[in-house]
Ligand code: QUE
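Here we start with a single chain on its own, the form predicted on its own, put down as structure tokens.
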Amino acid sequence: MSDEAEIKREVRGQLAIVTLNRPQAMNALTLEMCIAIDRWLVEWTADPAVQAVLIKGAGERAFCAGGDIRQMREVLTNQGPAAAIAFYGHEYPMNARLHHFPKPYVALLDGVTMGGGVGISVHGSHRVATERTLMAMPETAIGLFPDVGATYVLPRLPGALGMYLGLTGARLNGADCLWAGLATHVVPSGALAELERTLAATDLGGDAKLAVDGVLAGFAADPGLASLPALQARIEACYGRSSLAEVMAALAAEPSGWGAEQLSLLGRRSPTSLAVTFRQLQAGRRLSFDDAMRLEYRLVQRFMAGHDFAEGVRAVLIDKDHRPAWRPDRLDEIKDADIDAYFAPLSSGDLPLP
């Protein structure tokens, strides 16, 4: 592919290398990029010459800031929900294929890693954070829900941490990612090029995973102090509740001031997104990965047909006034039946997965 291609690949030694090549857009994913990654995973699963995959982002700002939400809103506005949903019809099967990919998959999470960037990394075998990593699932701030497999991943984090991250979109550094299990290693950003060269020069023809483990262990560094352990008791006490109303009440009663800060933050999120996300992550504890992706496809259909996503993207990314007019704009205006409708089976059937 040319240097101008938005996604590139090469094979060096037994290592296939994918570069997300949209640095001006923080390597945000397009439909074509999702299709390419999915196609290459199929190819490399069957190719004995490729024993491992490495994925990285071009530029210095981001691994991948997520799906191209600006582009998605434009498609939604100009072509309608069905056209916007087509993106997810390719992205979600690609996420599932990655989850089931049988070979080592090394993601270099250097810089911003959000939304869809989490989806093309966290399901792989090796996730390498750096001192520049900034990871989040911030979808409730734009009237969406944490997707790309978050239904499966977040409920399996320690305690109520996944619920906290999903509702708030809290940002994690490399040390926090390692502590939570979202990253498997922390390597200095300046050492990533040498790490890549070493992996490409390593014989991966035997036990490829063991060989990759050995290389990464040689580059791993002290991640520094994680912030999550000091918050975990508060997170558990407030977010480990059986209903969203109980979460809000616990935050209101939290005595240190942290709870009040959380309530202020959640008050700026889409109420519909919060209500759907809470139920989604509760359900995700009991779902297989593939069933979690099928559920997300149901949810995204309803969000694309609704009001809050287009409005949230306008407020946060287009006009940047950060004053979204949510509908409804209060949690107490949302009825259980409203949320039930998001989870109902699709008349067209569930998402086909590989």
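Since the structure is predicted, the reported quantities are computational estimates derived from the model, not experimental observations. Start at 1 and count along the sequence shown; that's the residue number.
One more form of this protein, predicted together with 3,5,7,3',4'-pentahydroxyflavone, exists but is not displayed; see below.
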- Check whether I35 has any heavy atom within 4.5 Å of a heavy atom of 3,5,7,3',4'-pentahydroxyflavone in the predicted bound form, and answer yes or no. no
- Task: Flag L287 as yes or no: does it have a non-hydrogen atom within 4.5 angstroms of any non-hydrogen atom of 3,5,7,3',4'-pentahydroxyflavone in the predicted bound form?
- Result: no
- Query: For G67, is any heavy atom within 4.5 Å of 3,5,7,3',4'-pentahydroxyflavone in the predicted bound form, or not?
  - Reply: yes
- Even though 3,5,7,3',4'-pentahydroxyflavone is not shown here, does A208 get within 4.5 Å of it in the predicted bound form, heavy atoms only? no
- Item | Contacting member of A160, A96, M114, A180, with respect to 3,5,7,3',4'-pentahydroxyflavone in the predicted bound form [4.5 Å, heavy atom] | M114
- Query: Looking at V300, A292, L54, A28, which has any heavy atom no more than 4.5 Å from 3,5,7,3',4'-pentahydroxyflavone in the predicted bound form?
  - Reply: A28
- Within 4.5 Å of 3,5,7,3',4'-pentahydroxyflavone in the predicted bound form by heavy atoms, the stretch out of 255-263, 139-147, 199-207, 172-180 is 139-147
- Task: Could you list the residues in 305-321 that come within 4.5 Å of 3,5,7,3',4'-pentahydroxyflavone in the predicted bound form, counting only heavy atoms and keeping sequence order?
- Result: V316, L317
